[in-house]
Structure formats: structure tokens, C-alpha cells
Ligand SMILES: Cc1cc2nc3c(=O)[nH]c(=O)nc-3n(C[C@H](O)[C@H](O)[C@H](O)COP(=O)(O)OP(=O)(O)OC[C@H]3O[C@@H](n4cnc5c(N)ncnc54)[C@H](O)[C@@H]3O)c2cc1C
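Okay, so here's just one chain, in C-alpha cells, the form predicted on its own.
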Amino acid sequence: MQTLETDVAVIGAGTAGLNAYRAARAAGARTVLIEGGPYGTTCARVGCMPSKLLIAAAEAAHALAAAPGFGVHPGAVRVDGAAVMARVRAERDRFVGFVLDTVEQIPVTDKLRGHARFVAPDRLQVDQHTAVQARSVVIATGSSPILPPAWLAAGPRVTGSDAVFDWASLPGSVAVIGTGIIGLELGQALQRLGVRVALYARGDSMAQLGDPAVAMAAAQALARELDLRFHTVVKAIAADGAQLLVRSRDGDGRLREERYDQVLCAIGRQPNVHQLGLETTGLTLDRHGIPLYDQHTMQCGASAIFIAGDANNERPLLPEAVDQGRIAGDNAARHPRVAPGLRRTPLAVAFTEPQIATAGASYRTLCATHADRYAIGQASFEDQGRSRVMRQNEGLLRVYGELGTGRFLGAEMVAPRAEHLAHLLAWACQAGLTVAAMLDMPFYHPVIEEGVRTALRDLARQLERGQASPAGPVPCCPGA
């Protein structure tokens, strides 16, 4: 076994790992990048980009289906499932190729192939071929879909979201288990492409929403075209000829059996930290086995070990992985002189239709941190001008402001083109703007953003009255 000495060892060559590597090198540190799987980020291979390719195809099909509402009748529509998936794979491979080109530019001497595990806080073993002695280590090992073994025993037609983008064609029917961002995005896209879809959820959560009013609006909007089954537990999945038999029980105790061509498990992802030998590091781990760390420096305790991206399970989103990787790599190179890095205002978007988005402090966060010190304003999109013009007039925006200061705190929404509204509101939040200052900004007509103005005006009235919004447990039950 060879021995390699370096200043910084980065475990994982995904988005967080690549940014950690660049930051450490930029700080002047000798750095080695260790990867045990295929190169190419989660976003490019199985996440952001291929899912949006499938959603784009679904939007094209839906536009044809919705055209008669405008008096336009396009005729018979045929979805070529094989052609849809061929484009998804081809464009996916193109995006992956961009990442591979980046990796190819990294010096060969800085890349090490194999699975790394700690044998000491400052020492890694990579497979059976290399021992790495490092002054600092960055854990950037990403995450994997949670796939219960009992369900996988039903055969290869039970998959996680990662496998969807390798389908040769579209199945006739799919059971999607989970109503998080991944489950909702893929479930709606498949439904719009002609696949029979049912979505199962143990509770009543919708994507990243915590505000009960917004969650209710999201459930109502999506239920108009999706078979949403809240408070339903999947009891068993079994092979049944060429299909899968799914047994479930709903909130009233009723049992149900149905058959599907595929089962897509979208109940979440788990950090890839359990095969790293963390027990040899002396780090304090949380109940999920993830090292405790500082969210501003990415440092694990007082050690020379840092953690970034999906591996820490904080905000498993690409922009967060970029920032966390950069902070971790920079601090690993400069250890022990670590410093807080820029953590941006939280921002998340689910590309359903209508879109679901959160920006700034969430409803759940404010219930815990602000109790009787915040107010809520809202705007419905049912009669919002531009939304009605586009026949996308559904959804609800709720905005939060701080009593006394009038500072804008955050928002949750289900709305047409919410990706753009959420960016505006996240920028305002990070800039520390007050609600009054936001209302001084220009608003064109007719645009979706006028819904933001309506909600802010409502919030300004609540702040002026000095009336706090009720805090406490979230009484959310959109499946009722």
C-alpha cells in the first residue's frame, strides 16, 4: 500500500467536493480529490437537470391538453415515451459531460480513485491501495435515495428516483411513494405524459411547505390532476406477474390493493456517511450518524474535519452544496484559522405546476424563533390579473414580517412561476429590506409580481396594527 501526504483531502467529487477542492487549491493547499463512484454530480446525473428535462416534456404535452381552454384545438396528441426518454438521457449525458470536462482538467496527481474511510482523524485508507495522511479532511460524500429492503425484495421494478432517467420508455402506471419535492415533480410529469400515477404519503406534507394555509392550497391545486393519497401507509409491495402489487392502508383503516408497472420510492435521501469509519475520528455524531458541525464554518466540532453538501443533510440543494463546499475547502486549507463563510438566504423551489417555493425564514422556523413577534400577509392567485390571462389562476402566497422593525422575514407559496417570485423575495430578505421599502419598489402591469405587492400590502396592514400571527404547532392537514 502506498502512502500519500497532503494538506487537504476531499472525499467526494460531486458539487460540494469539486468546490471544496477548488477553494482549498486557491488558498494554496496541496489537495487530493478522492472519488469511489462515477464522476459527475448528483444534479447532472440524477437530480436537477434530468428531472427538468422530463418536466419540460410534460409541460409540452400539458400545453396541448390545455389549449382548448383558449379556443385552440390542436387535434390528437401522441406521447412517444421512447423518444421522451431518449431526449432525457441524451441531454442528461451532455450535462454530465460538462462536469467530466471539468474533472478532466484537474491534474492526475490530485485525483485518487476508490472508497475512502477514516482509520484515524488525520488518516484515510482508500480501498486497499493508498493511505492518505492529511492535515485536514473535507467530507463531501453526497446522499443516496432511501430504499427499504422489504420493498426492494419485490424486484427491479421498485426503484429510487435515480433510476428513472435510465428508463428506455415510459411505463403504463407508476406508484410514487412520497410527496416531497422529488415525488411531486416526477409524479406530475409522468401523469402529464400519459402515465397512470398515484402518490402515497404517510402524512400530509407537501414538498418543503410548513405553512398550513399554503400546504392546503398546494394540495387542492395539485389534486385537480393528481391522485394524492395522504395519511396512507404502504404496507407491502410484491411482484405479481409483470406488475407490482401494492397493499396500502389509509387514515380510516381501509385496505387497498392495486397493481402498477413501476414503484418509485421518493421518501427521501440519506447522507453517505455510514461507511466512512467515523467512529475512529472522535467526532460527536447526531442520532442519524452525521457529525455535529458549525453551519457557518462547516467545521466538525473543534477538529480538522469539515463536512459539506448533501452529506450533512442540512439543505440538500445544489446552490447550498456550492457554498458549503467553498467554505469547507477554504477553512480546511487555512485550519486552524477557520472563519465563517457566506451562507445565503434559504431558497427552495419545486418545479410542479403551480410551482411550490420557500424563501427566507419558514413558517415552522418563525413559530419557534418569533412566536408572537411576526405577522402574515397573503395573496390568492385565483383572481390575479396575469394569472387569469394565462389560465394559471390558482395558488396562495404568504409573506412574513417582523413586528416592531417591519423587516421582511420570508415567504412560502404555491403559485404560477413561483421560481421568479421566490428569487425576488429571497434577495429582499438577504438585503434586510423592510416591507415598506419593498412596497417602494417598481411593479409593472400586468405581471405575476403584482401578487407579491398584494401580499406585501396585506402584511403592511397587519404590521401597522401590531397584531401577531398565532404561533405554536403547525396544524397542517391538507389531505383532509
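Quick caveat: nothing in here was measured; it's all calculated off a predicted structure. One rule holds for the numbers: they count along the sequence shown, beginning at 1.
Unshown form predicted in complex with this ligand; subsequent notes refer to it.
The listed set 171, 406, 316, 346 contains one residue whose heavy atoms approach this ligand in the model of the complex to within 4.5 Å, identified as 316. A single residue from the set 237, 276, 396, 221 has any heavy atom within 4.5 angstroms of this ligand in the model of the complex; that residue is 276. Contact check for residue 167: every heavy atom lies farther than 4.5 Å from this ligand in the model of the complex.
Using a 4.5 Å cutoff between non-hydrogen atoms, residue 38 counts as a contact of this ligand in the model of the complex. Though the partner is left out of this view, residue 48 does reach within 4.5 Å of this ligand in the model of the complex, counting heavy atoms only. Shown alone here, residue 328 lies farther than 4.5 Å from this ligand in the model of the complex, counting heavy atoms only. Checking 111 to 119, 252 to 260, 81 to 89, 398 to 406 against this ligand in the model of the complex, the stretch whose residues place heavy atoms within 4.5 Å of it is 111 to 119. The single residue of 237 to 269 lying near this ligand in the model of the complex is 269, the criterion being any heavy atom within 4.5 Å.
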